[in-house]
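Before any questions on binding or motion, here is one chain by itself as structure tokens, the form predicted on its own.
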């Protein structure tokens, strides 16, 4: 994810594949900013639904326009309810975007990430530029949850899907671990500073990966207790925006950087291959594997479009819609009735 001050005109796009084979909904968060000048009419913002029928992109705006919606999450097993991290708070909405409700008040703004605990759908955690807050009742009430954080700018937060109350968070002061539902945090010794994204492997719950600004990519094989930097990717001067595990191959990862494009590893990050050939620029904000198709990889290219590859970028990319956009996040969530 990006710093709150990095973007000015932000909206969230909801991409929904209506294919009968699709087991997940793909949410794309970003802004259409290409060619914008002060005084020009803004594009509609908020949630858009894309219908893949006929193979042509068909976007439909739903719900409210919103200038700064960063990402969405849902409780495992409850695909009907989404929680969004937004500039003006945490928002609860329906999956199709018809109904929205802000769950926080004026004291909490500039949210960067939101997560819902597996097995406890009423337990929500939200990270912001001023720390972490948590709710035990689906967002009806919130408590401060920043005890132990030495610096309060938190960019990303993730729940351990296998252990209740266990979370990892990352921000300007590195990585933190909580084992008590974010009632307290402990700094994790690692080479990471200014953490931009954290992800747990869908195959091995002990495997985690985190990306940083200026400190490369770090990986953990013991549940986030210890971390090591991957020497195979450059560190100084580079911002790695996110890294994701392939849902089909436990040793395959993809990562994206604004100046380095898309890279893919097939050996848990020990070596990487540049898979940017075919993209119009190496300015890539986000990359994500599609859980519904082996080898299908999506990339958000700065003010160009979304691009997709059917073989992890080996044979190139094709433009897939949202022309002129900056997509901040690509999130796949199981459709209703499908187990995560």
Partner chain sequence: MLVALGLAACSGLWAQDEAGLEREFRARARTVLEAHASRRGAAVGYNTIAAALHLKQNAPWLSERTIEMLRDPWGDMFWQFPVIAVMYNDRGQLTPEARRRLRDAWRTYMPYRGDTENHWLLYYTSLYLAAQLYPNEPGSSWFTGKSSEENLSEAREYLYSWMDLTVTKGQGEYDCTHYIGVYLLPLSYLAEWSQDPVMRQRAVKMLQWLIADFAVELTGGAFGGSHSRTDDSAVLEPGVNVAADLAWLFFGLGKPSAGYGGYPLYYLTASAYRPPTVLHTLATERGTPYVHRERKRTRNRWRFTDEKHAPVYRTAYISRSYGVGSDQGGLLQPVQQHSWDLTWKVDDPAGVNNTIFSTHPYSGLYELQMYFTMHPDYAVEAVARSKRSYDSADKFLSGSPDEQIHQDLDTVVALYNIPEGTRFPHINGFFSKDLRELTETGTGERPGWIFARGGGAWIAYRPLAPYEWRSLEPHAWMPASSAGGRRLYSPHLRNGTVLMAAEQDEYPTLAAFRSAVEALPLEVTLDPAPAVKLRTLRGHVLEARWNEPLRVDGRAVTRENARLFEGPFVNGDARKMTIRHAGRELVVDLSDLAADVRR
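Numbering follows the first chain given and starts at 1. This one's a predicted model, so the numbers in the text were calculated from it and none came from an experiment.
Omitted from view is the form predicted in complex with its partner chain, to which the following refers.
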Report the residue, out of 147, 120, 225, 102, that has at least one non-hydrogen atom within 4.5 angstroms of its partner chain in the predicted complex. 102
Counting non-hydrogen atoms within 4.5 angstroms of its partner chain in the predicted complex, say which of 239, 190, 252, 220 makes the cut. 239
Using 4.5 Å between non-hydrogen atoms, is residue 87 touching its partner chain in the predicted complex? yes
Indicate whether residue 280 is a 4.5 Å heavy atom neighbour of its partner chain in the predicted complex. no
Flag residue 303 as yes or no: does it have a non-hydrogen atom within 4.5 angstroms of any non-hydrogen atom of its partner chain in the predicted complex? yes
Although its partner chain is absent from this view, report whether residue 194 comes within 4.5 Å of it in the predicted complex, heavy atoms only. yes
Thinking of 68, 109 and 213 as one candidate spot, does its partner chain come within 4.5 Å of a heavy atom in every one of them in the predicted complex? yes
Which of 290-298, 304-312, 272-280, 28-36 lines the interface with its partner chain in the predicted complex (heavy atom within 4.5 Å): 28-36
Give, in sequence order, every residue of 248-267 that has a heavy atom within 4.5 Å of its partner chain in the predicted complex, or say none if there are no such residues. 258
